[in-house]
Structures are given as C-alpha cells and as structure tokens.
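One protein chain, two forms: both are listed below as structure tokens, the first as structure 1 and the second as structure 2.
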Structure 1
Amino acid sequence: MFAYLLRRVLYAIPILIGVNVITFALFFVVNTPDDMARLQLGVKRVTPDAIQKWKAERGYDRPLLWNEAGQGAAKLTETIFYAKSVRMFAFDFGRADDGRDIAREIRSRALPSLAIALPVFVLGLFSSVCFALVLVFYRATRLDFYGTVLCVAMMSVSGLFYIIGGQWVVAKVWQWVPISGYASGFDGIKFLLLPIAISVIGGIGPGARWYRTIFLDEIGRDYVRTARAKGLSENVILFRHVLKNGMVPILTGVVVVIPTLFMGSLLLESFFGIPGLGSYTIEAIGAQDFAVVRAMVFIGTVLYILGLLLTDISYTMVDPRVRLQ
C-alpha cells in the first residue's frame, strides 16, 4: 500500500508544476505586465513612465525567465518566473496590489471559509446519502418516484434562487437570522446558520439523485443476489453491503468538494458578506489584483491534489483490492 501511495504522490508533482507553469504563461506571456499596468492605471493615466513605475513597484520590471545582467544564481532568481511562480512552492505569495500580505490574508480568511464549508460538506453528504438510501429501499414505489421528481426539480433550480429566497423569507420576513455579516466566536453562529442550511438544501437534489443511481447499480450485482439467497434481510444488504461498496464511486465525487473546504463558496460568501477566501477571490477579480488571483489558483491546485491523495487513501480502506497494487 505504501508503494501505491508513493506512486500517487510522485504523479501529483508534475501536475502541480504543470499547472504552475501554465498559470505563469497565462499571466505573464499571454497577458504581459504592460497589459496589467494599463488595466490598473486606466486610460487617462497610461504613460510609459507610469507603466514602468507600476511594474517596478510590483517587481514586474525584471526579465521573464533569464536575467543576463545577473551574476551566478541571480540569472535565475532575479526573474519574474522565480519571484512570482517558483516561490509559490514555498507558499511565499508576496503582496497584493494594495500592499497587504497575501499569505496573512489567506490565513485570516481560511477559518470563516471552513466554518461554512465543513458543516456543509458533512451535513450535505450525510443528508444526500440518507435520502438516496431511503429512495433505494422503497424503489419502484410512489415514494421513490416522487422523491426522484423532487431531486430533479431541486437540480433545475439555480443556486441564486435558494440564496435570495432564503435571505428574503428567513432573514427579512421571519427575521430569524441576520441577512448578512460575520462575527468571530460563538457570536458568528447566527450568521452561519442560514448559508449552511441553504447550501445543504441546495445540494440534496443532485447529490441524492447521483447516490441513488450508484446504489441501484450495486443492488443489481451478483453479491446482492447471493446475500438474498443466504437469507439476509434487505436492511442488512442495503446498509452493510451496498453502502460499503457504493462508497468507492462516492469518494471519487467527494474529492471535487475538498478544495471548497478551504477556498470557500464564491456565491455564499459574497451574498452573505462573509470574509472568507471565496469573497477574497471575487474581490481580487473585481479589482484586477493579479497577484491574489495567481495565489488562489495555486492554492486551489494544491488542495485538489491533496484531495486526490486523500481519495486514494480512502480507497485502500473501502476497497481491499487497492491494497494489493
């Protein structure tokens, strides 16, 4: 099993490097530092001197890949690629265009994002799997039919409808919780209840329908028929055998959610005024702060790769065949 996991780690390294190189090319080759300066300065203030000053303040006046004027290792280190791309592997993201330290901002905003994303992840997965198991247990009945219709209907509704509708009904009409805002400690619970509930309810439709398909596929396999022939009850078959074997494809889909545990939800945090990483990314895009956007792309890649590794580890727990590879 150790060799299997080691191979997965070695596979992840070229992926991270490749994404980092592609991101660098998009930001500094396709979109040059001169283009960034023009976007930031605006049409009226664009002069050659202003562009050069803007680039010098942010370290964009260096050569891209090779510094002929440098001595020794400085030929590589005194470049934009080293300063803005290579140093990201040490989680040195530099400063945003407004002067704030990006790494410090990420650390301070990670907790609010986790405060939403972690309960949404756990409660959403639990509720969707339970609802799917109920539909499978009562398969080919009216409950299964209307439950599937409800899932399709919930899938067809935009996430903005849940957010705006929830804010209007629960926060404005009923006044159970604040419409938006955030506070640290236990005072922040009242600000988190509504976005967590909206996100969980909005995810039940697609999640339960997908898990139902997985469980129905498992129900038709030979080992289920063998278990029935041995006299096992439907409850034991469904919850002990089908659920366990259905966890393998479920874990594959769960990995997509792992980065959002830290990156936060862009829409939720923006609409509810939560100072997380999601709203930080939206603000950086709106302000055309390319340093922050690059950092968030890199962190998202790292988290996705970690999610893949966690999925491989989970495979070894639920599928004994993986341990033999």
Structure 2
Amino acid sequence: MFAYLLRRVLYAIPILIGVNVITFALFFVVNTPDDMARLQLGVKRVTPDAIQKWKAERGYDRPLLWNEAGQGAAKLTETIFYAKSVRMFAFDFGRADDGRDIAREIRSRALPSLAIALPVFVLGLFSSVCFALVLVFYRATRLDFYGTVLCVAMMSVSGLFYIIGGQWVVAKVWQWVPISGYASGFDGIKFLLLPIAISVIGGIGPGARWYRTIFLDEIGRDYVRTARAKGLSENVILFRHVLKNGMVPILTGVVVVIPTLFMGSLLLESFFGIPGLGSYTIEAIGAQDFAVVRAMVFIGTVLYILGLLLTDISYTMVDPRVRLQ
C-alpha cells in the first residue's frame, strides 16, 4: 500500500512538470512578453520604453530559458522559465498585477470557496441519491418515466438560468435573502443559503439520472435475485443491498472532485459576490492577469492529482477485492 502510494506520488511529478511546460509554452512562447505588454498597455502608450518598464516591473525582462550574462547557476536561474514556472513547485507564485502576493490571496480566499462548495457537494450527493432511489423504487412505472424526463429537462437547462432565475425570484421578488455579498462566521449563512440551494437543484438532473442507471445495474445482478429468493422484501433489498453496493461506484466516482472543492465555483461566486477562489479566477481572467491564471492552473492540477490518489485509496477502503500493488 505504502509503496503503491509512493509510486503514485512519484508519478505525479512528471505530470506536474508536463502541466508546467504546457502553461509556460502557452504564456511565454506562443506570445512573447512583448506581445503581452503591448496588449496590456493598449495601443496608444506603446513605446519601447513603456514595454521595457512593464516587463521589468513584472520580472519578464529576463531571457526565456538560458541567460548568457549570468554566472554559473545563474545562467539557469536568472530566466523566466525558472522564475515563473519552476518556482511554482515551491508554491511561490509571485505577485499579481495589482502588487498583492498571490499565495496569501489564495490562502485567504480558500475558506469562502469551501463554505459554498462543501455543502453543495454533500447536499447535492445526498439529494441526487435520494431522488434516484425514489425513481428506482418505482421503476418501470409512470413516476419513473416522468421523473427521468424531468431529469433530462433539468439537465438541458443552462446553469446560468438556475443562477439568474433563482437570484431574481428568491432574492429580488421574494426578498428572502440578500442578492449578493459575504460575511465570515454565522452572519454569512444568509448569503450562502441561496447559492447552495441553486447549485444543489441544478445538479440533481444529471446526478440523479446517472445514479439511477447505477442502481438499476445493481438490481439486475445475481445477489439481488438470491435475496428475493430468500424472501426479503423489496424495501430491504433496495435500501440494504442495492444502496450499499451502488454507493461503491458513486463514492469512488465523486471522490476525485473533493480536493478541487477548494477551487470554488466560477459562476456561483461571481454572481453572488463571494470572495473565493472562483471569483478570484474570473476577475483575473477579466483583467488578463496572467500570473494569477498561471497560479490557479497549477493549483488546480495539484488538487486534481490529489483527487485521483484519493480515488485509488477509496477503492481499497470500500471494496475489499481491490488491492493496490
């Protein structure tokens, strides 16, 4: 087990290097820092001096990969690749365009993101499983048919519609909760209720439909027939046997997103004005702050790889037949 985990962690290193090379190529080779400077400064103020100044302020005035002017190791370290890409492995992200430290910003914004993403994850999983169980319990009846149609209809609605419509009805017409904003601690709950509810409802359609097929898969298996032959009631079969076995693919399927919950939701956070990592990313994209986007890509990748690792571990925990070697 330990050897397996160690190997997986080691395997993550080439992947991270690959991601780093891709982002480096995207941000510095496809476009030279000069191009970016010209874009950021606008057409009017572009003089060679202004470009030099812009690059110097952000540390983009070094050579890309190899610095001839440097001494010894400085030939490698005094380059954009080392300063902007390699240093990310030490979680040193540098500064955003507005001069703030990106790492500190990320630390302070992870909590609000989690305050939304975690309840959405738990409640969403719970409600989707419940809805799927109802459909499976009444399988091959009208209720099942219309329930499935409802699921397809709900997943055909744009996520933006849930947010815009929900915000308008609940916050503006009924005025149950504030339209947007955030406060830490218990004061913040009134700000969080609506985005959480909207996200859970929006996720039921695809979730319930997927879980329904998983449960139906399980119901066709031999152990269910055996249980029926023993004379167990349908209730016991569904909630004891099928639910337990069906949760194996469901849980292992969703474990991968747990670490990425820190990244927050781009749409929810920006619509409801929650100062999390999602809205941070959106603002950075809007302001074309490349340093922040680069940092978020890196962190997102690290968290995703962590999620894959957790998935593997969760397999061994819920399914004793799986052995990691």
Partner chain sequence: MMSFKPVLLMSDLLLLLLIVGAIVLVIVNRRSEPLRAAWQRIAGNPVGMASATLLSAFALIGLLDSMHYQPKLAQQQGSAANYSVEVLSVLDRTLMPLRTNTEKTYSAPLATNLFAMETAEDGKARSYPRLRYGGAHLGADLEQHAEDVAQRGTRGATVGLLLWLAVLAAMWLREKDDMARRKALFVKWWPVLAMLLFVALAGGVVGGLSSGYHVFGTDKVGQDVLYLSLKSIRTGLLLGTLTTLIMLPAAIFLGILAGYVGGWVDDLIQYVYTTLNSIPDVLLIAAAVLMMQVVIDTHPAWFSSSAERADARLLALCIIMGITSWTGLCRLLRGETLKLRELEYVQAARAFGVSRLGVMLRHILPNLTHIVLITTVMDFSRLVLAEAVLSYVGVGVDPSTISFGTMIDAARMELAREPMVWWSLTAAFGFMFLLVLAANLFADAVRDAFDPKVS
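Start at 1 and count along the sequence of structure 1; that gives the residue numbers used here. Whichever C-alpha set is largest while still superposing within 1.5 Å between the two forms counts as the rigid core. Keep in mind it's a predicted model, so treat the numbers as computed, not measured.
> Out of structure 1 and structure 2, where do we see the form predicted together with the partner chain?
Replying inline: The form predicted together with the partner chain is the one given as structure 2; the other form is structure 1.
> Superposing on the rigid core, do we see a C-alpha displacement of 2 Å or more at Gly124 between the two structures?
Replying inline: Shift at Gly124: below 2 Å after core fit.
> Quick one: once the rigid core is lined up, does Gly246 have its C-alpha move by 2 Å or more between the two structures?
Replying inline: Yes: Gly246 shifts by at least 2 Å between the two structures.
> Core-aligned, does Asn235 move its Cα 2 Å or more between the two structures?
Replying inline: After core superposition, the displacement of the Asn235 C-alpha between the two structures reaches the 2 Å mark, so yes.
> With both forms fitted on the core, how large is the C-alpha shift of Arg8 between the two structures in Å?
Replying inline: Between its two positions, the C-alpha of Arg8 lies 2.5 Å apart after core fitting.
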